[in-house]
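Before any questions on binding or motion, here is one chain by itself as structure tokens, the form predicted on its own.
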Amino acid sequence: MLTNHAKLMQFFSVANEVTGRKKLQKMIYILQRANVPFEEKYQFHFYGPYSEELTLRVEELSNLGFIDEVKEDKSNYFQYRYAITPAGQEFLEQFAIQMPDISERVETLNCQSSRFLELVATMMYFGDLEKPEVEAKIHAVKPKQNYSETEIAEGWEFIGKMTQ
């Protein structure tokens, strides 16, 4: 149990800050699909792959004071910011885990928009299909997002970079 929590703490330690629950979900999913040993189970949801396990772990880490969750009012919705706390950093230093160096990939992911990460995660979710089938699936399950051919091409390129 604690190993999975420590892996998330390692992620937050590297990320410094993540803005948005959706972004957090997609970042962990993309890293997991890129063979980073996160073990949360995902299912397809409104905004692409979603893990209830991840939501619960983040909530537990927040309740323990290891992650700071700040809720910001953005007039018509709430946005959440996540960052590791000094207590979380101390916990992480006392817990030896084997994780690959994810700092470069986390930085690359954190610079992307939630919209783009939603596209990439959805593409990866349907990754067992052929490219044309994935693209048709994107348009079928995400019609309101209206992803362009350019965005989809950028998504394929991004997936290539993340998984090499």
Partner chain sequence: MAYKDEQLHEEKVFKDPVHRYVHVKDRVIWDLIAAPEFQRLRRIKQLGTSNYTFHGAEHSRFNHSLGVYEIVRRIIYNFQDRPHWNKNERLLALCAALLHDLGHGPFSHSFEKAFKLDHEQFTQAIIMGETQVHKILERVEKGFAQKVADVIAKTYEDKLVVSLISSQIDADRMDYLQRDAYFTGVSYGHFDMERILRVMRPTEDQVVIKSTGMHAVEDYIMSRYQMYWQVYFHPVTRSAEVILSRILDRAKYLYETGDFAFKLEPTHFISFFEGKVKLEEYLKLDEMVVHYYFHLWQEEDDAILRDLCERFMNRRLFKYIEFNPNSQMNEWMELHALFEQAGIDPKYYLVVDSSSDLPYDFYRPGEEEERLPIHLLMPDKSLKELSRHSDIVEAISGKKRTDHKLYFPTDKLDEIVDEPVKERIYEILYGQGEIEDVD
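Every value quoted in this text rests on a predicted model; they were computed, and no experiment measured them. Numbering follows the first chain given and starts at 1.
Another form exists, predicted together with the partner chain; not displayed. Remarks below refer to it.
Engineer: Is the partner chain in the predicted bound form near all of 11, 34 and 110, within 4.5 Å of a heavy atom of each?
Structural biologist: None of them does, since no heavy atom lies within 4.5 Å of the partner.
Engineer: Taking heavy atoms only, is residue 116 within 4.5 angstroms of the partner chain in the predicted bound form?
Structural biologist: No, residue 116 is distant from the partner.
Engineer: Residue 141: heavy atom within 4.5 Å of the partner chain in the predicted bound form?
Structural biologist: So residue 141 counts as contacting the partner chain.
Engineer: Does residue 79 reach the partner chain in the predicted bound form, with heavy atoms at most 4.5 Å apart?
Structural biologist: Residue-level check for residue 79: yes, a contact with the partner chain.
Engineer: If we define contact as a non-hydrogen atom of the residue within 4.5 angstroms of the partner, is residue 130 a contact of the partner chain in the predicted bound form?
Structural biologist: Although the partner chain is absent here, residue 130 would stay clear of it in the predicted bound form, with no heavy atoms inside 4.5 Å.
Engineer: So which residues in 103-137, when you check the partner chain in the predicted bound form, have a heavy atom no farther than 4.5 Å from it?
Structural biologist: Heavy-atom contacts within 4.5 Å come from 125, 126, 137.
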